Ligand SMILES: C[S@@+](CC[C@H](N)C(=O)[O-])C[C@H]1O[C@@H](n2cnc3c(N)ncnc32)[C@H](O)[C@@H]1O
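A single chain comes next, written as structure tokens; it is the form predicted on its own.
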């Protein structure tokens, strides 16, 4: 929409200086867009400058003209979900509205508390209104379960789908949230690990999923080999697609099957670095990591959940014991961090271990 307002016209080459001064004087109308004409810049004013303000403008800008012009109104910032719903839900229900959601591609995933389930479609529509990049809203309908680490969803707004394209650090990933695990909350962890990989390394991603670690490593490093293993055929199908679309098929190799079997056969003793993003049971596969690492040693990225009163230090002890039971030894933990809260009193942590 357009609106007529007071306008300060100045030469384009004096525009930046004038905008700063008008802002400093408190005269700039921030609800309207500055626009250009052939040789001048038109700056919207909230009121006629006072004499002292006009003199200050004139001292710094030789050519200026105050007139009236039509300006385009700026779009108002998007409202929050709570603001959209404040007239539709009673206060005690507004207080338990979910504050966080995961956005994977153009799909938003939200956890709806039981008392809000009768209003879940209303909440879904509010999310669509406040997140313009979202086309689908899904509500979690189960915990992550099973060998393939998937969960059930209820469609509550927008397009009824579970498949999307997610973009992260210059890569794009085909994801089906109903068929393969994917967490956008690990994006910085994907990038951190990929940045540690050195030229010429062989990396084994034992629980690769759709490839967020493997593909990014291949994208960032031209002279690596990445063996990306997963037991879920749907995940490996998406992984293979992601390898192709990101043009890393000459260095990232999808492998469908059991991580422990591959570690004992095709991948035995090959890896400079092993990624174990299976936090529910990564330590149970310590034998696979120890078999996969080269005889002279290498690095392992262990991911695990800890629940209070458990601690990172106690996890490190269990990790060291598990490695020693497989005739290896952890020289040092180069990095340790709680990377995200997954439930009350529970968090996901990572340990970067150097093994000999």
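Source: prediction; values computed, not measured. Numbering follows the first chain given and starts at 1.
One more form of this protein should be noted, the form predicted together with the ligand, which is absent from this view; the next part is about it.
- Comment: the ligand is not present in this chain, but in the predicted complex one of 166, 190, 273, 225 has a heavy atom within 4.5 Å of it, namely 190.
- Shown without its partner, this chain lists 161, 79, 149, 244 as candidates; in the predicted complex, only 149 has a non-hydrogen atom within 4.5 angstroms of the ligand.
- The stretch among 120-128, 82-90, 196-204, 256-264 whose residues place heavy atoms within 4.5 Å of the ligand in the predicted complex is 256-264.
- None of the heavy atoms of residue 105 is located within 4.5 Å of the ligand in the predicted complex.
- At the 4.5 Å threshold, heavy atoms of residue 215 stay clear of the ligand in the predicted complex, well away from it.
- Contact check for residue 221: no non-hydrogen atom falls within 4.5 Å of the ligand in the predicted complex.
- Contact annotation for residue 178: none of its heavy atoms lies within 4.5 Å of the ligand in the predicted complex.
- With contact defined as any non-hydrogen atom lying within 4.5 angstroms of the ligand in the predicted complex, the contacting residues in 265-286 are 277, 278, 279, 285, given in sequence order.
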